[in-house]
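Shown here is one chain on its own, the form predicted on its own, set out as structure tokens.
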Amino acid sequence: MRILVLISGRGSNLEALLKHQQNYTVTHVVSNNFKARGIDIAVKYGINNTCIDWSNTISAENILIDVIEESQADLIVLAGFMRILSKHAVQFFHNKIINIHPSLLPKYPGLNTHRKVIENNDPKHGASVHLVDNLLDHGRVLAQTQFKVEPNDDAEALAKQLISKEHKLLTSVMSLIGSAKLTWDDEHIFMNDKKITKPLMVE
């Protein structure tokens, strides 16, 4: 399975994907940030990459669509991509875009998830891999990872704990998708051809 990865920053999830390629291959990296560290990671691994000026969303997405089609990607992975794709782009690649988000969705879409966990005294924190739809961090959740929030944890501590678990979650899910064990259609998600009603939990 060929995947194209969209990034905006340091590229830690991208590097995890590149280090653990199993049943999938990263064939192209796209960034909206010309100074993103993730581009250096793509270059280090010899992966084709493209930076797109996102000051005009319509123009940027037209370029993105061309790049995705040229790369012949089977799946698009948003890994720390800090732009919201338009309804047009999401529909163009219907059911072919997934995102990793640092919260136990549907809790806390958007930014500052670690802080919100602390402010609300949540007993658990985690991350989710979900299908991308027309709403922010809203699509059907494929899989999650979670851990207990300790009394002395602050937002920074949660972020540090979560990053390695994010990496394992994303690479595990990608391997399952690449081996066709984890699949979906417009209505249901399947694991080994059996319909599942709750997200897979990755330890």
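When you see a residue number, it is the position in the sequence shown, counting from 1. Since the model is a prediction, treat every value here as computed from it, not as a measurement.
Keep in mind the form predicted in complex with a small molecule is missing from the figure; the text below concerns it.
ask   = Residues in which of 83-91, 99-107, 69-77, 115-123 have heavy atoms within 4.5 Å of the small molecule in the predicted complex?
value = Going through the listed ranges, the match is 99-107.
Although the partner isn't part of this model, could you tell me whether Ile63 comes within 4.5 Å of the small molecule in the predicted complex, counting any heavy atom of the residue? No, Ile63 is distant from the partner.
Is there any non-hydrogen atom of Ile163 lying within 4.5 Å of the small molecule in the predicted complex? Ile163 belongs to the contact set for the small molecule.
ask   = Is His188 close enough to the small molecule in the predicted complex to count, meaning some heavy atom within 4.5 Å?
value = Close contact is absent here: in the predicted complex, His188 is far from the small molecule, nothing within 4.5 Å, heavy atoms only.
_Whether His20 contacts the small molecule in the predicted complex should be assessed with a 4.5 Å heavy atom distance threshold; does it?_
Outside the cut-off, so no.
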